[in-house]
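Okay, so here's just one chain, in structure tokens, the form predicted on its own.
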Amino acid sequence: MSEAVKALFANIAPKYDLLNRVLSARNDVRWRKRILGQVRGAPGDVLDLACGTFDLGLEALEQGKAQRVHGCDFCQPMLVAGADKRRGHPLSASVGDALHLPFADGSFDLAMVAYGWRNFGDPQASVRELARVLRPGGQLLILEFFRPTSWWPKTFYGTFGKVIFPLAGGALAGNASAYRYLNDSIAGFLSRDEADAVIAAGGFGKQRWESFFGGISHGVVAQLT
């Protein structure tokens, strides 16, 4: 992960939750709830990778999808920004690299990544690493903005994403470049169909996909085969 990207996220960490709620009109909350609904089986040990300020991990606990959650992020200021939110919950945290996870093989029943996969240096390697730390039959959840291939997402990112994201980032967090990067990173990432193939090649089957807001965002839950 580039040091420049790490510094970018560190800079916006104190306003990260606010910006997410404003820019998504709180749809990010609903999308997390909906994709977690696709997780099957008894609650167990959960890895929340690129956990940010712990929104997804806390929702997994709230829905009874997890007994314990370990949040892992490459950016320590993000973990600090969410520290108050995780107090009183079975939710631990550490700094770690998505391509070299600091966990033993077969440590978790569920691994989750929300809006962080496109920031990993090698999407295929990260899926293999997530498969490594899952127990047999474990599940992978990914919620992400993928490179748009149809007219509505292309229009959205070419207008709202290109103009409004940086303006909001500048006004609310004093960092327009962070939200310019957000839009640019989507344009350079996998499409949904490419992501489907990468996840399958990583050893995951039974993929259950959901699309949100006409394909602006997508979520998938898949099972390790």
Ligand SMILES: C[S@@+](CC[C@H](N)C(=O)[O-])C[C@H]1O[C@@H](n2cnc3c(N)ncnc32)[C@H](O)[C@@H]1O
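These numbers were taken from a predicted model, which means no experiment stands behind them. Residue numbers here begin at 1 and follow the sequence given.
The protein also exists as the form predicted in complex with the ligand; that form is not presented, and the subsequent description refers to it.
The stretch from 185-193, 45-53, 158-166, 60-68 that comes within 4.5 Å of the ligand in the predicted bound form, counting heavy atoms only, is 45-53. Among residues of the shown chain, Leu141 is not one whose heavy atoms approach the ligand to within 4.5 Å in the predicted bound form. Contact between Gly116 and the ligand in the predicted bound form is found at the 4.5 Å heavy atom cutoff. Proximity of Asp73 to the ligand in the predicted bound form: non-hydrogen atoms within 4.5 Å are present. In the predicted bound form, at least one heavy atom of Val5 sits within 4.5 Å of a heavy atom of the ligand. In the predicted bound form, no residue of the candidate spot (Phe146, Glu210 and Val221) has a heavy atom lying within 4.5 Å of the ligand. For the stretch 92-112, the set of residues having any non-hydrogen atom within 4.5 angstroms of the ligand in the predicted bound form comprises Gly96, Asp97, Ala98, in sequence order.
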